[in-house]
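Only one chain is given next, in structure tokens, and it is the form predicted on its own.
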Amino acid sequence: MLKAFDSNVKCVGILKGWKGFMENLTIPLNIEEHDDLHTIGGTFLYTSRTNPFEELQKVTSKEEKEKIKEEIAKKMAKQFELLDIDALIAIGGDDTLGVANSMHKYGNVNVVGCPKTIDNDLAGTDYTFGFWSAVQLASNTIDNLTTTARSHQRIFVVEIMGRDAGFLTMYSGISGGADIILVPETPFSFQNHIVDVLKRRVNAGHKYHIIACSEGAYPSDESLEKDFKTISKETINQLPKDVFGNPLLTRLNISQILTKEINLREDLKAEFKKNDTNFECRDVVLGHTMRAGTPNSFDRILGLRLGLAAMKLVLNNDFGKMVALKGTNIKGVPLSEGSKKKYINPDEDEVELRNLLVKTRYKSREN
């Protein structure tokens, strides 16, 4: 908005995401009311999980999907005239920006994307704004839980947002000193990655344990069949889906399941008793508390920089792109590529660091 105001460009805000776009729900954006917007968390425009392409989930043919997608995108493009806008800056994650990309591709409308998702799972940018604020909040919570875990000799399973990308859990888990970190990208073995590690840790003298797990973390098929008593593969397969076709993994309550499974293990209980340590496991779901509070300084500045870059693309008639952080620079990347999903690469140093932290913590005090 700062650049728009300086360039005499009139801005309107579209309420409730794609729902408001299709229903003509707009408000004027006045610079005097929003010049300090970067200091405030959340969005005053509200949001919704509206998917204009929802009917594609009922179609199996690739050709038919493309045909319907083109029809919907062209219909959406007509909204530009009804909304009386010349260009649209779409702010969101892969679902939101995927819709924006289809509108640009099939409807030939003036669209620019701005990466905003708490999961940091957009391929085109190193980081999305809001991610590091959420990491700090989760890290602070893990710090606080560590205090009570130490005092009461407890195991805490902390569930952190992340449907199919584990960046939030990985970064906040490492930062907060979690002892076990489970992410969706690498299915875990309950026996090898949790039970055996807890046994080694308690035998090494550790009296408390923090397990950080993504809401989308899940066990391998082998472990699910062999190690679990409270759920089965059917439990996961029968989860309901959201409007974009993604399984609602929060309904699985993975932290609650892990807590139940840990408390059922008599061999773990015996190991803890042998080491004169309390055996009690509790679960904590951070959920949408991670979206709370004010943004940190990094995200405030990153949001401003991305907004500036997005408006400059609009002023230069350079559409079909997403603004992105690349290293320390803000660049424009093709929206079709930038809006793709990004996942933790098993070869990245964060994964190696996680593994080293887990291994070192139970080996350092053995014998």
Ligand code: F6P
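No experiment lies behind these values; they were computed from the predicted model shown. One-based numbering along the sequence shown.
Separately, the form predicted together with 6-O-phosphono-beta-D-fructofuranose (F6P) exists; it is not shown, and the next lines address it.
Figure note: of the listed segments 277 to 285, 106 to 114, 202 to 210, 157 to 165, the one touching 6-O-phosphono-beta-D-fructofuranose (F6P) in the predicted bound form, with heavy atoms no more than 4.5 Å away, is 157 to 165. In the predicted bound form, at least one heavy atom of residue 119 sits within 4.5 Å of a heavy atom of 6-O-phosphono-beta-D-fructofuranose (F6P).
Contact between residue 38 and 6-O-phosphono-beta-D-fructofuranose (F6P) in the predicted bound form is not found at the 4.5 Å heavy atom cutoff. 6-O-phosphono-beta-D-fructofuranose (F6P) in the predicted bound form comes within 4.5 Å of no heavy atom belonging to residue 65. Although the partner is absent here, residue 49 lies within 4.5 Å of 6-O-phosphono-beta-D-fructofuranose (F6P) in the predicted bound form, judged by heavy atoms. Only one of 260, 74, 269, 291 comes within 4.5 Å of 6-O-phosphono-beta-D-fructofuranose (F6P) in the predicted bound form through a heavy atom, and that residue is 291.
For the stretch 208 to 237, the set of residues having any non-hydrogen atom within 4.5 angstroms of 6-O-phosphono-beta-D-fructofuranose (F6P) in the predicted bound form comprises only 215.
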